[in-house]
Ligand SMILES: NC(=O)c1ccc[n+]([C@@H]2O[C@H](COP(=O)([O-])OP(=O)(O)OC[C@H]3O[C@@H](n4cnc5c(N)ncnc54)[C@H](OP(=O)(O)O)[C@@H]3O)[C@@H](O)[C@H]2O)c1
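Only one chain comes next, encoded as structure tokens, the form predicted on its own.
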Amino acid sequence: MTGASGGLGLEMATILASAGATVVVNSRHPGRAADITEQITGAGLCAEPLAFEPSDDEAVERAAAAIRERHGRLDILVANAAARMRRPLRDIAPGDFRSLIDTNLSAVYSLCWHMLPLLEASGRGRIILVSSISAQRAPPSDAAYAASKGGLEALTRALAAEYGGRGVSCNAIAPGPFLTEINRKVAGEAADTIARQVPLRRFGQPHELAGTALYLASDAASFVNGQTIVVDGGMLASM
């Protein structure tokens, strides 16, 4: 699982481990991957660290080889690592745009490309990509991020169509405003305004997203494929 070192990723990793999965915890930083693994195993659950840079093709290839050697298959792939670039469009140079697309979209493609043989070996592989409501309701000064997440949802459909017949399903989760550490910093004084746009009149708590990941990974979602499930307190449903 990429992006497992905090916020939404940590909650998803923990709930999957609670359901019996051995979670391979990925972070770009070995120390962080080790800390999160210790936190999960300290609760009596199963996890192991695997630090690598998701945007480095060779590192991802080595990670796939390590999983193959240790486990022989991969049942669930959760791609959660991402970056954001909140700037007016004219302040996002084309090179910066390409860099964000590489991190949020190209790296996910590479991850899936390398892990798909292991998911096929599972016989019931599940891919869960983490998108955003920004793919459907783009905020101002967030063009690169919105474009990357829109591409991610298209990739979700493409993988579902191509690999469904091979025993691998692919779905996405699109979070709305969640009270993660990063969002606390970004929202700042606008937090109350954002919360009022949500019919539930609040930000989501990270653990409120985790159940959707568990559902998509479970047999309860065995016929769900190519979908993006929005978890936003009703924000997209309202005007």
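Please read these numbers as outputs of a predicted model, since none were measured by experiment. Numbers for residues come from their place in the sequence shown, where the first is 1.
We do not show the form predicted in complex with the named molecule, though everything after this point is about it.
- Look at 145 to 153, 117 to 125, 161 to 169, 68 to 76: in the model of the complex, residues with non-hydrogen atoms within 4.5 angstroms of the named molecule sit in 145 to 153.
- Under a 4.5 angstroms non-hydrogen atom cutoff, the named molecule in the model of the complex has Gly7 among its neighbouring residues.
- A residue is said to contact a partner when one of its heavy atoms sits within 4.5 Å of a partner heavy atom; Thr37 fails this definition for the named molecule in the model of the complex, lying far away.
- In the model of the complex, the named molecule sits within 4.5 Å of a heavy atom belonging to Val130.
- Residue contact with the named molecule in the model of the complex: Gly233 places no heavy atom within 4.5 Å of it.
- If you check the named molecule in the model of the complex, you find no heavy atom from any of Ser18, Pro49 and Gly211 within 4.5 Å.
- Screening Cys112, Ile92, Ala81, Leu105 for any heavy atom within 4.5 Å of the named molecule in the model of the complex leaves a single hit, Ala81.
- Looking at 9 to 45, the residues that come within 4.5 Å of the named molecule in the model of the complex, counting any heavy atom, are Gly9, Ser27, Arg28, His29, Arg32.
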